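Take a look at this single chain, the form predicted on its own, given in structure tokens.
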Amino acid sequence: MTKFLIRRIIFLVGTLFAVSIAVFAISELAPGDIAVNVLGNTITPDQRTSFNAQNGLDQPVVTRYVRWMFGSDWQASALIGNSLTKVYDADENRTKWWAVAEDNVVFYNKTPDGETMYRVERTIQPDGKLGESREIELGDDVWTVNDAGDKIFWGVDEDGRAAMWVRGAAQEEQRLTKAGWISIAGAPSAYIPLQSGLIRGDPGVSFITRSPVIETLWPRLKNTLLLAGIAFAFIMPLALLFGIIAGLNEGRGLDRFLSITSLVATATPEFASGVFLIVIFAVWLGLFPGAVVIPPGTSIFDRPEMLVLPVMTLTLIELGYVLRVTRASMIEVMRANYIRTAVLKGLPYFRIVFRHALRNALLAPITVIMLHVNWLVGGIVVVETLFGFPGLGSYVLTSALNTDIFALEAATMVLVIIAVLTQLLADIIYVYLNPRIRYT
């Protein structure tokens, strides 16, 4: 059994790596210009070029994949000569990268004229906040000469990127502020966007919110897991119970009623059944809210009644699939020769069902259940959009519409990881239910 699970885990890790390449490649090949989507279609060629350079979008695709998957802080730290860390900046209301000095001091670099380099230091206070800034002028010895004979300096710029300045290059950076576009003198000639990499939980910074993707993705994932978990707790026991009942009453009125009802509920699209439930329970009866509204600083648990209609919609859609598969599996098992033998021996009916038939009848529904876990987590875009639920599905949709590739890639990989883990769980359950496959 141990060898079986090790082989499965190795296979799943390889699957994740292959899928990560596919996800990244699809995002790169997707139509649309990120600079135009983020900054608007009125940007000039210089503004577009500056934006692409600042965010590393002008670098080779292999370089960008390595940075996305394995990070770039290790490369930048070697060039700068200081370790790097992420610290929350209350002045800008976001977390960004800083170079680390001694005694809990972090800093970034700047040069207003491209000739004199400055270091702006801030102390990390015991509460984790940054203290007052202090500006220090650096000497000429901080510049080094590269192979091309240029004097260069590697540091962290004001926006939290690793940057290379070329002395006397007179570079200008185009930056969009609340007051409009401004041109900043003394800009770097090359950038390395800093991130720890997907395997360390840092898939990058959102182009739309300008905050780390993980900070916006994690709350959405928790909301979706909550909704999917509640729906799963209702759907699967009911589906298995009704499927077993239908299978044990094959051809009778109860079997036909359960089969037809579940088929109608499943065949009805979720947007139709969701609207139907909203009209009845929210508009006519006024029993439950018709939308999920979560003000800032509050929790879904403050008003759990908001989850009733989304859970009911998911239940109507999902119930029929598992019910019908369980019914068919139960019918097949009850017709098996060993069940007939047990009946002829005079064993009690319910003992035959629960001791001999039920375990084998559950083998087929397990795959369906695990696949529907994936759907509940990642495929409920329509339900989340219909009810205004702030979950992962609507997050993926918004990221795709705005070409926010780091957010889209991270959310997609989360869904892939969930799919892989649920399949591994299905393999483990198979091993438990059917000992014959433990060593195959």
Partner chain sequence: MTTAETTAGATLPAPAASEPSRWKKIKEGLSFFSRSKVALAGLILVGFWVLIALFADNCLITPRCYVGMVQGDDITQWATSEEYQSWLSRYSPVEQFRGRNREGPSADHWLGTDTRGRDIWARLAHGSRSILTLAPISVIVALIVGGTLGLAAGYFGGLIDEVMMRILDAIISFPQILLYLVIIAALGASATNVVLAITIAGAPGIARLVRGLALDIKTRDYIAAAQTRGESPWYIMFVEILPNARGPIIIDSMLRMGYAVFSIGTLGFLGLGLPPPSPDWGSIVQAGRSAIQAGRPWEALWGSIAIAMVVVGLNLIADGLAEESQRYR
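All of these numbers come straight from a predicted model, not from anything done at the bench. Positions refer to the first chain, counted from 1. Only the largest set of C-alpha atoms that superpose within 1.5 Å between the two forms is called the rigid core.
Below, we refer to the form predicted together with the partner chain, which is not included among the displayed structures.
- Only one of 66 to 74, 53 to 61, 38 to 46, 23 to 31 places residue heavy atoms within 4.5 angstroms of the partner chain in the predicted bound form, namely 23 to 31.
- When the partner chain is considered in the predicted bound form, residue 219 lies well away from it, no heavy atom lying within 4.5 Å.
- The closest non-hydrogen atom of residue 426 lies beyond 4.5 Å of the partner chain in the predicted bound form.
- Contact check for residue 407: no non-hydrogen atom falls within 4.5 Å of the partner chain in the predicted bound form.
- Interface membership of residue 173, defined by any non-hydrogen atom within 4.5 Å of the partner chain in the predicted bound form, is ruled out.
- The three marked residues, 78, 149 and 164, fail to reach the partner chain in the predicted bound form, with no heavy atom of any inside 4.5 Å.
- Contact with the partner chain in the predicted bound form, defined as a heavy atom within 4.5 Å, holds for exactly one of 182, 199, 267, 233, namely 267.
- Residues from 258 to 278 that approach the partner chain in the predicted bound form with a non-hydrogen atom closer than or equal to 4.5 Å are 260, 263, 264, 266, 267, 268, 269, 270, 271, 272, 275, 276, 278, in the order they occur in the chain.
- Fitting the two forms on the rigid core leaves the C-alpha of residue 71 displaced by under 2 angstroms between this form and the one not shown.
- Once you line up the core between this form and the one not shown, the Cα of residue 197 stays within less than 2 Å of where it was.
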